[in-house]
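Below, in structure tokens: the form predicted alone, a single chain.
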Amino acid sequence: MMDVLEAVFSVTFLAMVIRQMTPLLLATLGGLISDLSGALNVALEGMMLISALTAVLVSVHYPWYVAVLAAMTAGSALGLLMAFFHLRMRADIILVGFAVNIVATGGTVFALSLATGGDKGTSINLVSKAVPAVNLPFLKGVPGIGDLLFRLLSGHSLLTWFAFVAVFGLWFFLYRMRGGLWLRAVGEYPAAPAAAGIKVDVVRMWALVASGAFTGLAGAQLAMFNYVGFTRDMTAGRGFIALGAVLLGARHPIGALLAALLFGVFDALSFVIATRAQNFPAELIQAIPFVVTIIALILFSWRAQRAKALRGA
């Protein structure tokens, strides 16, 4: 137990939290965009899985940035596919999302088997590339806390820094730009923007495409930095956790950042327990992020109902 506490209260643990929260944050931002448009994207898990495999397979033959773009394209294409079935064919968005998740689970194993010549578990036989890390040696020059800042902030991937910038970029888009106002209006009360001549279905289509692009980046981060390579079902429920983070973050970019940070803490904690307390049951360790998700959603729901009751009083 002392080993676990020693590891948790360290700069290394905080750096691990940032690393673990990055794919969650990117997927949460994607889920937030589609949710605000009124099209809940429950396919984040499947999109992330397919994008992760796409990134790995493309990076075998092309530079890392091409692989990241390919992952984004794969996610966007899945978002466009969801938009086609939901907006054109009038299929239920939840059912379409679950269909994508099911196809992703089996399809990635099949594609991995074809790419590796029969291996259905990992891409260990493929030499894939990684997203470069951003080293910040100048932080060591900060008086007093230079070494701490360097160990905390240096060595993270380019996508990590992009994710943090995207939080504030998305906030600016949603609350300072006309397009963001349209997006929120379509999600809140679609009849009003429709009366003003705004094409509701077009806004939702682009929201799903953007959601897929962010989720594609989450898959690329997972398979090209957190782990270099693809493993069967490697997303391990992160897409569903990201859905919970959207609600827990009160459907706001800053709230999404804080929710992703919370889940990142418990994700990193599960790694620490697995390595420092090996007698602890592995199943319980793997369940930690999901238990936290359920507890957080219960607390969020209780708080929302209490606030609603106070407003009605």
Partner chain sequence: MTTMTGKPDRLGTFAREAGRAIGALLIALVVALLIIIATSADPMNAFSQLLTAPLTSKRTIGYWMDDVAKLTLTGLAFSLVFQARQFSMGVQGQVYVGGLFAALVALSPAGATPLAIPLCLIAGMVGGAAYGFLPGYAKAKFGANEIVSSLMLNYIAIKVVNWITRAHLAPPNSGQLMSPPFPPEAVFPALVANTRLDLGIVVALVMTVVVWFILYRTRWGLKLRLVGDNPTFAEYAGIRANAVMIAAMTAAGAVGGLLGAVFVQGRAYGKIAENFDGNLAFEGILIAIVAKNRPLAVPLVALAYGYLRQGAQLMGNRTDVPNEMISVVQALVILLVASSFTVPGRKALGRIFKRRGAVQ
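Only a predicted model underlies this, so the values are computations on that prediction, with no experimental measurement involved. Residue numbers count along the first chain shown, from 1.
This protein has a second form, the form predicted together with the partner chain, left out of what is shown; the following refers to that one.
No residue in the set 6, 13 and 19 has a non-hydrogen atom no more than 4.5 Å from the partner chain in the predicted bound form. Contact check for residue 232: a heavy atom falls within 4.5 Å of the partner chain in the predicted bound form.
In the predicted bound form, residue 217 stays away from the partner chain, with no heavy atom inside 4.5 Å. Contact annotation: residue 247 falls within 4.5 Å of the partner chain in the predicted bound form, judged by heavy atom distances. The partner chain in the predicted bound form comes within 4.5 Å of a heavy atom belonging to residue 241. None of 65 to 73, 37 to 45, 22 to 30, 251 to 259 except one has non-hydrogen atoms within 4.5 angstroms of the partner chain in the predicted bound form; the exception is 37 to 45.
Interface residue among 195, 136, 145, 91 relative to the partner chain in the predicted bound form, by the heavy atom within 4.5 Å criterion: 91. A single residue from the set 130, 115, 153, 99 has any heavy atom within 4.5 angstroms of the partner chain in the predicted bound form; that residue is 99. With contact defined as any non-hydrogen atom lying within 4.5 angstroms of the partner chain in the predicted bound form, the contacting residues in 100 to 122 are 102, 103, 106, 107, 109, 110, 113, 114, 120, given in sequence order.
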